[in-house]
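Okay, so here's just one chain, in structure tokens, the form predicted on its own.
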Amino acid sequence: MLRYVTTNPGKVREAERYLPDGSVERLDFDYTEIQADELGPIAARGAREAYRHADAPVLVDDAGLFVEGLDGFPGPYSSYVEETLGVERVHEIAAELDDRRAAFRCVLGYCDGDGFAASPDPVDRGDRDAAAAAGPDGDGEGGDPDESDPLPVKLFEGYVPGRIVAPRGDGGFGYDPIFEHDGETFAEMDTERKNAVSHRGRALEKFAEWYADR
């Protein structure tokens, strides 16, 4: 059984669209979120910690909104920025930019205690190597706190391009009202439409294809 580490049952329901019936369940576990400028090291560290807690295959995700004109801000700090500045303030800042292109990104980290063959995708491989090098605090000191050789983690990234707009729509959550993709904000899309194009869904699709042969 695969444990999806999240407090949000909606994420598990989304994962069930891509995985065989009865193969995934929610695990409510508060793993340590390290500070890092990329999503990969955060997901990898969380997956290692969650695997040790569950002693079973786990899936952890980390996601964020990356605004091109702000050098990727808020990125991995999206949740903190939402809580402190607020979504409308992010729109106000972006509205002053010439380049309001943005992207939602999601990285899934999978760990089952075993190793993996080298990934054919250099992005996945590079993220995994960076995560291993970052260490428990993202400081480059290497490894997990209780072992010199970190547990292998496989990473899968999903990406959806768009742009920052004035808030529209009553659905979704977080930055959905200010993120427009293909003419609609995420907050204007129904759940089926949003899941079909979402960054998390695209990462889950990649994971499910790989996991089927695991």
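What you are looking at is a predicted structure, and each value in this text was computed from that prediction instead of being measured. Counting begins at 1, following the sequence as shown.
From this point on, the text means the form predicted together with inosinic acid (IMP), which you will not see here.
- At least one heavy atom of residue 174 is located within 4.5 Å of inosinic acid (IMP) in the model of the complex.
- By the criterion of a heavy atom within 4.5 Å, residue 104 is counted among the residues contacting inosinic acid (IMP) in the model of the complex.
- In the model of the complex, inosinic acid (IMP) lies farther than 4.5 Å from every heavy atom of residue 37.
- Contact between residue 200 and inosinic acid (IMP) in the model of the complex is found at the 4.5 Å heavy atom cutoff.
- The partner is not shown here, but in the model of the complex the stretch 31 to 68 reaches within 4.5 angstroms of inosinic acid (IMP) through a heavy atom at 33, 61, 62, 63, 64.
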